[in-house]
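Take a look at this one chain, the form predicted on its own, written out in C-alpha cells.
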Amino acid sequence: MKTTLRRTADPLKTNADLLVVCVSDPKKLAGPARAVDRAFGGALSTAAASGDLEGGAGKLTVFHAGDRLRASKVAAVGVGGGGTEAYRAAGRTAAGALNGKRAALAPPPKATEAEVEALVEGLGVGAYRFQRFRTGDDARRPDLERAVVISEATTRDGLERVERTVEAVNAARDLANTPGNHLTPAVLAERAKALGAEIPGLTVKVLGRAQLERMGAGALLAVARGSAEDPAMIVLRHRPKGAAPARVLGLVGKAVTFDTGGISIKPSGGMEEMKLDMAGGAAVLEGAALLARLQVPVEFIAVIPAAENMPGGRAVKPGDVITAMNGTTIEVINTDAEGRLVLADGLAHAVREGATHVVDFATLTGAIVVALGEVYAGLFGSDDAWTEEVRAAGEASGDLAWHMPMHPDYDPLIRSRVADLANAAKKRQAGPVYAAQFLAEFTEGVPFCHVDIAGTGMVDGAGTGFGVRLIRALGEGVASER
C-alpha cells in the first residue's frame, strides 16, 4: 500500500473505490462526514436517526455514491471518543468494505497526527489477504494499492513510516501463513538474506548445522533431529550511527516452521495450524528489518532459531538429556515443549553477542491463550524497568501485552532430578510462568522479557503479525534515550 497526502483536497472530488469518513457522534455529524451527508441529501442523518449509523469504535455503514461523488462507495466508520485504538479499529473495519485498489481517507479536522496514522495503518492491515495459493476468482480480487489521505494533521514522513510498518506487519503474516512445505528454515533464512541485501546497514548471518554443532547449540539441534530439514540460526545486526552506546537491543524469535510435537505428538485436529509456530520468528525478522529500514538509531542484534519438530527415527525422546549453548543440561520431559529449547540457544547467543536488554517473542504455551485470549500477549520480565518499557511499547503500538508474574518460588517447577533443568513440569501449574522462568536461565542476568504470543500471534488459523509494531515502538523508545 502506497499513500498520497493531500492536505486540503475536497473528499467529495477525490477519485477512489472507497471514501472513508469518521463518525464520533452520529447525531452531530462534522467535517467530511457532514459534507457527505449534504451530498447524499441527508442520507447519513437519516441512517443515524434510525440507528443504522453508529458512532461506536469500528461500527460501519456503507453508502453507494452513484454519481454524487468521485468515489464509488462511502464507508462511514465509528471512532467513538477517539484515541489511536479507536481509529485503528475504524481503519480495519473500513477495509472490509473495500473491493478495489484505491481508498481515500478523510478523518475529521480534530483528529490528531497519531489518530490519522492509526486510521491509515488499520486500513492497510485490514486490507491484507493471503492469496498465494488461491486460483480462480478469489485470486483475482484486487489488492489495496494506494490510500489518499486528506488531512492537515500528518506529514509525508509520518505516512511513509506507516507504509513501512504495514508492509512489515503484512510480510510477517505472509511468512506465518505459508505452509510448512513452502517455508522451511532454509527458506526463512533466504528471506532474511534478501532483507539484508535490500536494507543499508543491516547485516545477516545464517548459522547452519555444522556451525551450530561447533557452537554447542545442543538445544536447537535436538529439536531438529527428527526432521529432514536442517536447522538454522538467523542473526541480524544493525549498528547505525548515533545509536545509544549503553544499550544493545536483543530480539529473539521462535521459528519452529512446523511443529508436530515430535515424539510427544500433538492430536491431529488442528495440527495444520502448526505452520504458524514460527510467528514469533517472523515478527522478529520483519520487526528488526523495519527498525533498520526506518534508520531508527538503536543498535540491535536479532536472533531467530529455526527448526522443524518432527517424530523421525533420530528424534529426541522424552527422558533424553541435552546440553544448551551456555552449558546448561536439560532433561527433555515433553518433546512438544520444544519452543523453549530453541529459544534457550537463541537467548544465549544474543547475550553472548553483546545484547544488554533482551526480549523474545514466541507462540509458546496454550495456557496463555486460556488466561488472556486473543487480546493481550503474556509479558514476563526479570527486570521491572525493562518490563515496563516493553509493556508501554505494546500500549503505544497496539500490540498489547499484560504483565504476568515471575518469582523464585516457581523455580522448583523447572528443576530436573537428573539434569540442571527440565523442559516441562510434572505438575500442571502456571505453565506460562514456568516457561518464562526456564528461559530466564539462558540470559546471564541481563534485563529480559518474554512475550508469549500464542493467543495474539495466530488467530483463527492465520498469522496476525503481532510483535512487529511493538518492536518498532520499543526500538524508538530506546533510541529516544540517547
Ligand code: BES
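Note that residue numbering begins at 1 and tracks the sequence as displayed. This one's a predicted model, so the numbers in the text were calculated from it and none came from an experiment.
Another form, the form predicted in complex with the named molecule, is not on view; read the next lines as being about it.
**OP:** Counting only non-hydrogen atoms, choose the one of 451-459, 34-42, 437-445, 411-419 that falls within 4.5 Å of the named molecule in the predicted complex.
**Re:** Going through the listed ranges, the match is 451-459.
**Q.** Three-residue site M274, A337 and T363 fully in contact with the named molecule in the predicted complex at 4.5 Å by heavy atom
**A.** Checking in the predicted complex: M274, A337 and T363 are all within 4.5 Å of the named molecule.
4.5 angstroms heavy atom contact with the named molecule in the predicted complex for K266: Because a heavy atom of K266 falls inside 4.5 Å of the named molecule in the predicted complex, the answer is yes.
**OP:** Flag V433 as yes or no: does it have a non-hydrogen atom within 4.5 angstroms of any non-hydrogen atom of the named molecule in the predicted complex?
**Re:** Judged by the heavy-atom cut-off of 4.5 Å, V433 is well away from the named molecule in the predicted complex.
Query - Partner proximity in the predicted complex: A424 to the named molecule, non-hydrogen atom cutoff 4.5 Å - result: Yes, A424 is a contact residue.
### 4.5 angstroms heavy atom contact with the named molecule in the predicted complex for D399
Heavy-atom contact with the named molecule at 4.5 Å: absent for D399.
Item checked: Residue (of D259, D345, E117, E286) lying close to the named molecule in the predicted complex, criterion heavy atoms within 4.5 Å -> None of the others qualify; the residue that does is D259.
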